[in-house]
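Take a look at this single chain in structure tokens; it is the form predicted alone.
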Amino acid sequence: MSQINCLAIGCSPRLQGNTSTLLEHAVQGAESGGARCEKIFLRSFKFSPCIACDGCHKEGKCVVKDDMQLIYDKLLTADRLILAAPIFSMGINAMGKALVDRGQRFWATKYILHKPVAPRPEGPERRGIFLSAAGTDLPGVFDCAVRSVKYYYKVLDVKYLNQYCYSKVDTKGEILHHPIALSEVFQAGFDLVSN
């Protein structure tokens, strides 16, 4: 079997923030399981939100020419996906939501053009996990983000395995003091590529 290709996407605008730390540990787990991992951080790319132009309805390709074009290719070739995004105002943060919304091209491919999003007749099943942290522990704080990511994975033809969400983690670096978070996401990364 060929080496598993894992794409890890950090959505936080904060450099070395809590979700970025979670992502780093999950990637370490995936690499220890034998995967080849690529990490990208959305703050390093310049792209707009979806402009609802319906340009993708014709051929399943986004017509907006920005850095999202670089990310699309990575998404389509990944065997495993790790998405890490913080909670802002009870939902996935703006950069993460823009990524999800720009996935409209995948929705158009799947539901308008009725074509496979990432055909792989002999490749491994695509799978993914979601990592998140929130400063509050209000009931339902992760619900909207999890729903968005599950939808995103569905249109990408990625099987959603699980989420690893940690509340009352707000100050930069606070996740380092969480009793189980780092070991949990390391194991999650390992399991993601090993099963």
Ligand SMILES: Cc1cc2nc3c(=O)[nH]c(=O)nc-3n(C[C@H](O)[C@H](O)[C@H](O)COP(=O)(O)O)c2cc1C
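Residue positions are given as counts along the sequence shown, with the first one as 1. Quick caveat: nothing in here was measured; it's all calculated off a predicted structure.
The same protein also exists as the form predicted in complex with the named molecule; that form is not shown, yet it is the one meant from here on.
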{"query": "In the model of the complex, the one of 32, 136, 69, 162 near the named molecule [non-hydrogen atom within 4.5 angstroms]", "finding": "136"}
{"query": "Listed residue that, although the named molecule is not shown, lies within 4.5 Å of it in the model of the complex (heavy atoms), from 37, 141, 155, 64", "finding": "141"}
{"query": "Complete contact of 12, 19 and 169 with the named molecule in the model of the complex (any heavy atom, 4.5 Å)", "finding": "yes"}
{"query": "Candidate stretches 116 to 124, 103 to 111, 89 to 97, 73 to 81, one within 4.5 Å of the named molecule in the model of the complex by heavy atom", "finding": "89 to 97"}
